[in-house]
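In structure tokens, the next block holds one chain alone, the form predicted on its own.
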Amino acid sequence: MIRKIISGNEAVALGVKLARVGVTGIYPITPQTTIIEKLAEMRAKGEIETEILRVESEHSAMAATFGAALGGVRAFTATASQGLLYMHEMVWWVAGSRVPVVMVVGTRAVGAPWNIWNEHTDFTSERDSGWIMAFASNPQEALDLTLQAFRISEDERVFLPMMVGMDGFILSHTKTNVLIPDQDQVDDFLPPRRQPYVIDPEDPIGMGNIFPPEGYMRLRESIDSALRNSEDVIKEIGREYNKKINPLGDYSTLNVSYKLEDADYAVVLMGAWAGDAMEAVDTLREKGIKIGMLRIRYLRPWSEKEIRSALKDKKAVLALDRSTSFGRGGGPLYVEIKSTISDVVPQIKGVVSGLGGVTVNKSDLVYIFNKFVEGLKDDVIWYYPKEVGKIELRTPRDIE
């Protein structure tokens, strides 16, 4: 095991290498492109045997990855933003086929208008597609979750695809100290690929025929059951990962608590701004305010039991979203949290911020958390940092 200073994208590429992936379907899109560039570089140097399939679109990237997985090969792809939306049809085909596949999403705003910077809307838009969905908060976790994703996805109690999200640029391009396991450690943790069935050209079967309604509904229920049951599998595999590969992390739970036990107030969020949020929590604690944080590491399965246990005795909970659920009065986390704890927590508030790459730093979070503790008048607000708040939206009609 060694330590290296690497970016989130480099950490994911190393995870794919260590998992001995057989096929990667690739199509470039910022900010995930350097993942597939790194894999192509490894292939050119003879460091991996992964077959790199360069295709003409993200839809084809997932289709090629899906085809390889159906053929019994460990398969991987990566995308972002419009690319994820373009492959949306195939994302559902993979889940409906119950075939293990791993994908990394370097999150990015969705157009229009065109924007290459970070937000979570692309990732959260797939929350009903039947994939297991984890979200990293630093490059170490991006590597760890990528390796665990293959093991979870290929577990016979699950047999579902899994995607790992990470904040575009903030994680994908930022370099930090990462603990990289040896190949022997990963081989001991990750057994040869397993899957429910393999399509073999030597043993042809009929595919693509219309499925009867009764069977279709049964299949949808099986996906829901597998996702719910995966919670215990994720914790079991997480504990084994801590034991065999990374003893410094804690993957024994789906989500991560920070100073929550004695907290009167709690903030719920997902992704890289958890680091600034923990510092903001410390700042408020120094003033005698008992506040803590719950970081959602798994959006699917949604661990209702774990989340209710963590938040049930709080005076108020604030959900901080870096994505939107238009017309729903808040972001996806706010909606999920409200449906989970509204009967045990008297006040649930929501803040939407950081969209399209708007910078939200520690001082912004200290301001938001203070306002939350003082009592927000509205259930949901859109927060703009001071300088951003001065900018007025201009439309083509305004310009005329």
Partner chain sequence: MSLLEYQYFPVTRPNKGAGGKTGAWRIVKPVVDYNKCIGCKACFMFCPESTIIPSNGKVRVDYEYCKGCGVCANVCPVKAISMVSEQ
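Bear in mind that the values here come from a model prediction, so they are computed numbers and not experimental data. Residue numbers count along the first chain shown, from 1.
What comes next is about the form predicted in complex with the partner chain, which does not appear here.
With the partner left out here, the partner chain still marks one of 293-301, 178-186, 223-231, 251-259 in the model of the complex; by a 4.5 Å heavy atom cut-off that stretch is 223-231. Interface residue remark: Trp114 is not counted as part of the site for the partner chain in the model of the complex, having no heavy atom within 4.5 Å. Of the heavy atoms in Phe169, none are within 4.5 Å of the partner chain in the model of the complex. Contact check for Arg218: a non-hydrogen atom falls within 4.5 Å of the partner chain in the model of the complex. In the model of the complex, at least one heavy atom of Arg98 sits within 4.5 Å of the partner chain. The single contact residue among Tyr241, Phe159, Trp273, Tyr265, judged by any heavy atom lying within 4.5 Å of the partner chain in the model of the complex, is Phe159.
With the partner omitted from this view, the residue of Ser137, Ser325, Gln195, Thr124 that lies near the partner chain in the model of the complex is Gln195 [heavy atom within 4.5 Å].
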